[in-house]
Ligand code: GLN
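One chain comes next, on its own, written as structure tokens: the form predicted on its own.
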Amino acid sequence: MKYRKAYEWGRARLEMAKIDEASLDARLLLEFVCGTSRNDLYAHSERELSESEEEKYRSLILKRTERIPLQHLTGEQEFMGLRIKVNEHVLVPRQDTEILAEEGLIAVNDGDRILDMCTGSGCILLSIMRYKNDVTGVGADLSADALAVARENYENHRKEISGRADFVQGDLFENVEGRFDVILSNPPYIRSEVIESLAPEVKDHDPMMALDGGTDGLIFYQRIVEEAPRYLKAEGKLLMEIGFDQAADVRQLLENGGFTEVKVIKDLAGLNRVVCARLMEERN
């Protein structure tokens, strides 16, 4: 089968399965199998796929029609210019979360000590450490499997990072030590009753512990806001990703918890996505 014909077959199969962005997924899977780039679809459309390439491509396309996430098939997702390894143990990094990382780059100074709570794949922590100098980072997560992925991503990008990262397992701050200049978190924030309505790629393949934010979606914000002051330095900053309809509730939690300078950042779609706040005084 020729390159373009393979792509057209893959796109048609994904469209029949009602896969969003069928054209994009068909092309990315073909590039993954063949080690090619977007230009090859136009410049080398008559290239003949080998038997093994065609077999692998057909297999991946059929798996994608079963709503297995594209990133689980390729094993990676680009985030802030980094290729991040992903699997069923971590959330697939999404473009919305880049807003949190970008705000983190504004909040974090060279030489700071930062904590990424609910680190998952480590994408937020590593993207900030890549673009800042001599940052000491800690990634915390309840899942040992997620932390194994985060550590692997750290090792894969260690040459690009000037600081040092450590990873700790525990229930939020359970095994975290010391104080930080900045704490960042993309906690579980989806209301329990909403999860069943999510796309199959999310509800059936993302880890449930990284999705379920309890009855009102706020349980982890409440805990983080309550516990974070014991781990922040004076004038330390707390940044969290939020659901589009959670800004007012999270703002109230922060203001009641002694945080100031609370601001809400919108994503590219104009939806509330990140909340930032400052702690004026350290607490014991």
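None of these values were measured; they are calculated from a predicted model. Quick note: we count residues from 1 along the sequence shown, nothing fancier.
What comes next is about the form predicted together with the named molecule, which does not appear here.
*Asks:* Find the only residue in 105, 194, 211, 99 having a heavy atom within 4.5 Å of the named molecule in the model of the complex.
*Replies:* Looking at 105, 194, 211, 99 one by one, just 211 meets the 4.5 Å heavy-atom criterion.
*Asks:* With the named molecule left out of view, choose which of 148, 202, 168, 73 has a non-hydrogen atom within 4.5 angstroms of it in the model of the complex.
*Replies:* Checked against the cut-off, the match is 202.
*Asks:* Could you confirm whether residue 130 comes within 4.5 Å of the named molecule in the model of the complex, counting heavy atoms only?
*Replies:* Because no heavy atom of residue 130 falls inside 4.5 Å of the named molecule in the model of the complex, the answer is no.
*Asks:* Residue-level contact is defined here as any heavy atom of the residue lying within 4.5 Å of the named molecule in the model of the complex; does residue 53 satisfy this criterion?
*Replies:* Residue 53: no contact with the named molecule in the model of the complex.
*Asks:* Does at least one non-hydrogen atom of residue 153 fall within 4.5 angstroms of the named molecule in the model of the complex?
*Replies:* No, no contact at 4.5 Å.
*Asks:* Tell me, yes or no, whether residue 173 is in contact with the named molecule in the model of the complex, where a contact means a heavy atom of each within 4.5 Å.
*Replies:* Because no heavy atom of residue 173 falls inside 4.5 Å of the named molecule in the model of the complex, the answer is no.
*Asks:* Select, from the options 157-165, 107-115, 186-194, 77-85, the stretch whose residues sit within 4.5 angstroms of the named molecule in the model of the complex by heavy atom distance.
*Replies:* Going through the listed ranges, the match is 186-194.
*Asks:* Would you mind checking 75-110 for residues with a heavy atom within 4.5 Å of the named molecule in the model of the complex?
*Replies:* Result: 91, 94.
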